[in-house]
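Both blocks below hold the same protein chain, though in two forms, and each is given as structure tokens: structure 1 and structure 2.
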Structure 1
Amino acid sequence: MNRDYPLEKVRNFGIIAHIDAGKTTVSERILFYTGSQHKIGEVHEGETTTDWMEQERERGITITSAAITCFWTRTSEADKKDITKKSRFNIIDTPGHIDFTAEVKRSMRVLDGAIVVFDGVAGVEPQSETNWRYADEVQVPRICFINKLDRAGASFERSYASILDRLSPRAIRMQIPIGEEAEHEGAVDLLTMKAFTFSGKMGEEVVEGEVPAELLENAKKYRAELIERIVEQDDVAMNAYLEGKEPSLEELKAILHKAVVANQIFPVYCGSALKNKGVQLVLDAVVDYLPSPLELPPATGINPKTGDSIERHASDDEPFCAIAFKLQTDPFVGALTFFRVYSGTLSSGSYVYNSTTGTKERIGRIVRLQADKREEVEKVFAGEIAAAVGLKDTKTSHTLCDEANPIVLEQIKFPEPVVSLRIEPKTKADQEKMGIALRKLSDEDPTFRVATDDETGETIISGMGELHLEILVERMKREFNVVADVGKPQVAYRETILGSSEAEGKYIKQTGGRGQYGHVKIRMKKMEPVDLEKKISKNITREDHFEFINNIKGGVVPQEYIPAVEKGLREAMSRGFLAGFPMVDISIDLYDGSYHDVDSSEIAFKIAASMAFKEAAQKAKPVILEPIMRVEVIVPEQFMGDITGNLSGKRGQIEGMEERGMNKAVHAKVPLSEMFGYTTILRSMTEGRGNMTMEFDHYDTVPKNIADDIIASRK
């Protein structure tokens, strides 16, 4: 079986936005215009293709990212007649709600480009900023689409200014709208100086015409800005332009394409997806300006055998290499593992090597998805996104490759969960089902954690926010038929130290026969922020929040007991010191100890290490840390004073205010413990007119009086 589309015709891109910017509506229009479906599903009617979970349709929000394959030919008449001009799109529609930020983060890792959708009334919103930051981290080229220009209060210029101000000065208008609010009809393309309007029942006919007279002057002014910005990217074009020669349309597009791929320019388009205006022109821009897999830097990873850095280029002839970026439990086929192929090919029925775990797995079937419908394929090629059925041990961010040419790609890093709650099954029959359900859900979602409280034996689940956990508990009920009682949301506190200390732990037990003997001396200090990618010496093991340095000289603690010492320290760290919360950012230096020829054992050294840890933690100024959230509240102006006063009373720090359409936006940093149930308070304070978004920002030390209350409540 051969590749059905050449690599240069493939575009892997995502659609990202703040909640309610109209992202799923844009996706539905794309599916309709590319012929993937013959009816447009509407979010407000609960009939969308990409939001296929029941909860998504009920709530009108996207929860999981959906992967869809479809095909597009540019709107120009000449291209439509030429079959070789068809492009293949692999699209991922990601969630906008901050609680599902992991979905955006993992999708970013496998995308080659993105369409960033903005609400034409609100402009840049908090989640737009977070998503933009994620895209910056992995250098994903972007096209901006200012949507909803048909709404009352919409303003292209104001939204465009917010992109320049809050996201990037490298954004540039490619279009200006023809009319706004109820008058919105289409857009003027500044490169070609043509006006585009949309007719037909679903806006499927793109009508090209002359620029309306009242827009001509502005269009000329903005076109000059655009041309200057493009020629700046190319010395030859720049020199010609300064001599009064404007490059041809083809040359301008070629230069712009390179600049977009290099993240030097972010083109801005406009329209209204709901009113079927402007989406086709954005799809043309995807073909013209976003990169194919061939234009991206090669995937880099580590050879697990030698530790050397190696590369894989986007080619079917290179050894197979892919990253698993998402797991999904499918009611019909079982576990689906979504993967992005960076190099080589993979056939169904073959074996694949998981270099992250060092195990081999058989690929049962390979499917391409159209959201919740699937098409089986025999083989996938470099640059494609597909899902495998039946992989047992592969988790999110594991590398799949050819066993003879192993490579481990960099893992996707996810934020830590900040909210926890206790959960217990209603009946004995639910107990076993709940264990299976929680395991499957935590495999799917790396920001969802399951743990057991050692003292009470209760199950504790943790996630990114109240909505996140609410949806997971609901999914457990619907998809796995598990009925459970759920406790109140709790803050996921952490503990750390501010000072440094030394301590020793000695465990000696003499009983009849063989005794126990373990003895260690340690130094404890706060772990410095480190670059985890850097090579570290053999005697140091390091993770995100823990560093263990083995400084034993002359075998005073034999090598075989060192892992037991490290295990004892880790276990003590996970139990915490002050109030039983896990400790973070601790560096331990094991520098001395002693052993007994007969009585020493692994368990004795483990206990000795744990004793030393407790003593050292007590002396090193232990403190409790709490999650601080970045909060944005949007309210009509008359409620501003009440809202800022209320937030300050919640130990919040007000960081700024700004105009947001007809309303005011307040930015603040507030401890999570003060924010439970805040949505309800906000509604009652603002006659139901206020709304808020909240996302994790950082951990900070809890004030002493509050820490004392937390410790007392845990005793």
Structure 2
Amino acid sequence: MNRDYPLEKVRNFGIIAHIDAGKTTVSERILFYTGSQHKIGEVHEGETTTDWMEQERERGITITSAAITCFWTRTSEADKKDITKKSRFNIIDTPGHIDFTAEVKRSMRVLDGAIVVFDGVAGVEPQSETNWRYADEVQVPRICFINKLDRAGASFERSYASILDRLSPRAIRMQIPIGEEAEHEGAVDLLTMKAFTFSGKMGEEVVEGEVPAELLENAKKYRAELIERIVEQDDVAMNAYLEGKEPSLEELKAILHKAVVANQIFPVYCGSALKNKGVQLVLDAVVDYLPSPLELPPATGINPKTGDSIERHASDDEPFCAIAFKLQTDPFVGALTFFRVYSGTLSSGSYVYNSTTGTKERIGRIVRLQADKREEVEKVFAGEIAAAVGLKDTKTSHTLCDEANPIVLEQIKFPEPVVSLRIEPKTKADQEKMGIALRKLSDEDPTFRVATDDETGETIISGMGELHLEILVERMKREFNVVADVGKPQVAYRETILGSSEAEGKYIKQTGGRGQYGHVKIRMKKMEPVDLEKKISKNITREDHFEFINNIKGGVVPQEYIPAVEKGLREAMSRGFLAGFPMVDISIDLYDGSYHDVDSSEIAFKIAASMAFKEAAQKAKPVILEPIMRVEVIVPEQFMGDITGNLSGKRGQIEGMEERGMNKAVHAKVPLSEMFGYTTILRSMTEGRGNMTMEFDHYDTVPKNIADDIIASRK
């Protein structure tokens, strides 16, 4: 079976937005317009988009699907039925809330591009900045859409300025609005110098016209700015331009396309999704400027057998490799594993190798979700996105590949959970259900972790914030019917060392029969941040927070006991020396020891290692670490003094203040332990007019007096 669609016509993209900026509305309009290309006649008099969405919901597919496929033909293309003109869009869902960093990061990883939606009244909001930074990290090409221009108080200029100022000076306007607030009708496209307005019940008819006289002067001015910015990207075009020759429209678009793909330019569009204005032109921009999978750098990974780096290109002829990016339950089909194929092809009914776990999985059915149906496909090709039904052991971020050509794709890096709480099932039956529910939820979300307290046997869950855990507990109750008592949120403290030390651990017992003999000498120091992807020699184990170097010479500790030593060290690290919090960022060098021909055993070496660890940790200036959050509070000016005073009282560091529309924004770094329940405090301090967002920034040493309190409370 051959590919049904040329890869250069595929666009995998997401819609990124601050909550309330209009992501849902934009997505609904996209599904409507893309579906409407063959269905527009079916929308009857009096029917609204909402009715249409209701019908979609009844079919059981909503825009909350992890990925949805639709087709788009550029507005200007004459023949909408001509398949060779169509592009295939795979729209990948990205979550709105900041507590779901994992989801945002994970989805960014599989996006080839994004539409970033802004509220035309508020402009850039704190969360847009965070998301923009994530997109920068993975270099996702972006198109901006300033939405809600119909709202009272909306301003394209102000929102555009906030993008330039707070996100990137490389943003450039492609349009200017025709009217704002109640007068908003459409936009002038600066490249073509045409005015676009929208008529029909759903704005489905895109009407092209002349630029209104009163906008002509501005349009010319901003067009010149745009053309200059584009030609700057290309020496040949630049020279021609300096000699007075403007490149053709096609040339300009080609240069712009390249620049967008390279993250050198972020084109800015505008409109109102709710009032059906502008969305189609953004879809044209997706076709024109966002990359197809062919234009991306190759996927990189490691051969799990040899440790060598491998590259895979978006070609059907290379061995299969894909990444699972989302598990989701579909009411009709059951458990779906969404995956993005980087190279090769995969057929339904075949076997695939999960190189992350080292297990084989059978691919039952493969489906693609469309707005109005679940399409079953026999085969998926490089660059595509689809979902497999019935995979058993594959979780989010696992690599699936050809067993004969194994590769583990570069892991998605997730921030670590900073808040935890205890959770206790009401009955024995709940206990069982809870186990299943928690396992499922943590499979779906890598920043949600479940652990058992060794001493009390209680279950502890941890995540990215109070809200994150609240929602997960809520889902556990609602979707899995678990009745449970939930404790207060606690800060996920850690311990580490500031100094370095040496220690010896000796576990020797000679009490009749067979004795015990384990003896090791270690050096301990703080682990420097390292590049985990880098190949290292085989006597070093390296993870995010732990490094173990086996420096044993001449077999003074026999090779067979080395894993036991490492295990003993890890176990000792899991309960810190000061207050029992897990220890992090420690590097251990095992450099000496001894053994006994008869009495030595794995267990003896494990105990000796853990004894050595404890002694070394004690001598190496142990400290407690706490999560510090990046906080932004937005309040009317009259409350500024109270807010900054209050934050300073919370050991917060005020890092800056700025105007934010009619309000002031305060930036601060504050320890998480001081921030529980802050939304309630903020509300009462500001007569309900303050707003805040908070996000993990880094771990820092807890001041001595507070550390003493923490230690005392844990005794």
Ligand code: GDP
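Whichever C-alpha set is largest while still superposing within 1.5 Å between the two forms counts as the rigid core. Treat the numbers as computed from the prediction; the structure is a model and nothing was measured. FYI, numbering is relative to structure 1, first residue = 1.
Trainee: Between the pair I just shared, point out the form predicted alone.
Mentor: Form predicted alone: structure 1.
Trainee: After superposing the rigid core, is the C-alpha displacement of residue 284 2 Å or more between structures 1 and 2?
Mentor: Residue 284: C-alpha displaced by less than 2 Å between structures 1 and 2.
Trainee: Rigid core fitted, is the C-alpha displacement of residue 244 between structures 1 and 2 2 Å or more?
Mentor: Shift at residue 244: below 2 Å after core fit.
Trainee: Once you line up the core, how about residue 153: does its CA shift reach 2 Å between structures 1 and 2?
Mentor: Yes, the C-alpha moves 2 Å or more.
Trainee: By how many angstrom does residue 308 shift at its CA between structures 1 and 2 when the core is held fixed?
Mentor: Core-aligned C-alpha shift comes out at 2.8 Å.
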